[in-house]
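To begin, one chain is listed below as structure tokens, in the form predicted alone.
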């Protein structure tokens, strides 16, 4: 009886938390398909025959260069994701597999990189990008986001790689398999759940970020979705139909990535909890 009550209590808490987490997203999506008057009249109501409207979507696609913003965000996110996963997996492999001088210092530096927000160095980063002539380029964003995502990614992947049986890797070495082949053929497939977990954790902050696009790439040709949406936000009047429609369209890639990696993500989170 006590175990059943505990189970019910846990599931109740999780359901309440899920509802709180999903409610803002549901409000954004539902209001995106409503007229401006309906949004202000009853923002919690679902769109109906009298309130349904696609005016926000049509305005976003017609007035703004949403396609360019979407491509910019997608390019920055995917390239950064590829670089972070590759470099983080390699660094995690080196830190967990080999013993060398300075290994502990590197681990401490990566831990500090997790604790210290990268935005504290915005002025120095901007000066560096100006010196390198990388302002108003997607390269600047990719470099900054790669540096931002590496510490946490290395920390997570190193813990998973350390759990791989050493006998498996030693057996491959005895058969004459090189270290690079061991890494890509044995280690990487075994840490796919961790890679999926890291991919979600890295992608979401990059896709939703407004700070660095505003500072480093505010030009017309390099704006991301979060920055491009700001043109509909005025000092006195805000076009909420267009803002909510743009945010709804921006949710799609993150949702698609989660659906693709959901199974691996759950496995990664569960394995991390057990360890």
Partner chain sequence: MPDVRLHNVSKSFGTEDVLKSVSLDIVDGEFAVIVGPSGCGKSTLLRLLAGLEQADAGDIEIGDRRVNDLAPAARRIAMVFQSYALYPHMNVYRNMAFGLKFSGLEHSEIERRVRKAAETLKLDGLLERKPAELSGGQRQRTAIGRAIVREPDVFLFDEPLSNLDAALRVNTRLELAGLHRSLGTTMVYVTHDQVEAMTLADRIIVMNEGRVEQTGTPLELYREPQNLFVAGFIGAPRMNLVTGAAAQEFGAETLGIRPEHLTIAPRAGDWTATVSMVEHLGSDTYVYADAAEAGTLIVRAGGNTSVEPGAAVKLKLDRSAIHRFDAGGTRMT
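Residue numbers count along the first chain shown, from 1. In this text, all values refer to a predicted model and were calculated from it rather than measured experimentally.
Although not depicted, the form predicted in complex with its partner chain is the subject of the following passage.
Asks: Just to confirm, with a 4.5 Å cut-off on non-hydrogen atoms, which of 156, 138, 85, 172 contacts its partner chain in the model of the complex?
Replies: Spelling it out, the residue with a heavy atom inside the cut-off is 172.
Asks: Since exactly one of 79, 190, 71, 130 fits, which has a heavy atom within 4.5 Å of its partner chain in the model of the complex?
Replies: Selected option: 190.
Asks: 167, 177 and 181 - do all three of these have some heavy atom no more than 4.5 Å from its partner chain in the model of the complex?
Replies: Yes, the whole trio is in contact, each within 4.5 Å by some heavy atom.
Asks: Residue 162 near its partner chain in the model of the complex, any heavy atom under 4.5 Å?
Replies: Output for residue 162 is no: heavy atoms all beyond 4.5 Å of its partner chain.
Asks: Quick check on residue 185: any heavy atom within 4.5 Å of its partner chain in the model of the complex?
Replies: Answer yes; at least one heavy atom of residue 185 falls within 4.5 Å of its partner chain in the model of the complex.
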